[in-house]
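In structure tokens, the next block holds one chain alone, the form predicted on its own.
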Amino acid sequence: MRKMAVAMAKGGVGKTTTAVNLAHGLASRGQRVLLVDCDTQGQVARFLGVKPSWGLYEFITERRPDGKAMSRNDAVFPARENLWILDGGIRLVELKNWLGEQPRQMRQTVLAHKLVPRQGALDFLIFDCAPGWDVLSVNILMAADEVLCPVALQGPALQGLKTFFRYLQSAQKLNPDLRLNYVLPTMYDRRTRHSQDVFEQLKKYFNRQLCNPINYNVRLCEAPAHGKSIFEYAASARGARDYRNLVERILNHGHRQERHT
């Protein structure tokens, strides 16, 4: 099973869009995927048009908000064929408090110990990470072994990447198996010089990890409002083609695919 964190220090770079479309794209290819929403905004369920009763908080604590015990399996929600989710949302604030109360020697690895499916049950475990750095962020990077970092080709893109690099280096001291395998340029607008300049800088520093860019596409912006992935909402749109390229590259363990423009 591959364990991948979709993470970036800066918000608004397309993390949830990437996590949802990557997860559904992999599931559509027959891969069994669990997508874990680690953000208090809880957007994964909304992007997929579903309303789970429980989520990551209940899965980890094995308690409902009213204090009653529950099975962890009850928190895992079937969102699509081959695709399950653990919902995020505001209850993650309580989860962070709960994690902070655990013994020091284990509080950073709770997710790694709890999120262990039976042998052969899953092919991918994907974390949709919130921006920032806290006890839950550390837990995610202790549980993952691959990082996919979306970088918006708008504004001060590289500053957010530098900040995330510091987080990653701290995490690698505790989890030496963790690797930044994919840098994904998002919101690429080939009409602007800025997008091209930032893309060239990424190519200079991350040529091996650099993925084909996700072009700015209005259909990608519209799909979440309809509770659909881009593959369901507009399968022939440029955004769908871009995310298919990403799915192919990840299935090929990072080997570059031909660009489909």
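The model shown is predicted, which means the values in this text are computed figures rather than measured ones. Residue positions are given as counts along the sequence shown, with the first one as 1.
A second form of this protein, the form predicted in complex with a small molecule, is not displayed here; the remarks below concern that form.
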4.5 Å heavy atom contact, Phe59 to the small molecule in the predicted bound form: no
Close approach of Thr16 to the small molecule in the predicted bound form, 4.5 Å, heavy atom: yes
Asn215, heavy atom within 4.5 angstroms of the small molecule in the predicted bound form: yes
Distance check, Ile230 to the small molecule in the predicted bound form, heavy atom within 4.5 Å: no
Listed residue that, although the small molecule is not shown, lies within 4.5 Å of it in the predicted bound form (heavy atoms), from Met187, Ala143, Ala75, Leu168: Met187
Segment assignment from 199 to 207, 23 to 31, 49 to 57, 218 to 226: heavy atom within 4.5 Å of the small molecule in the predicted bound form: 218 to 226
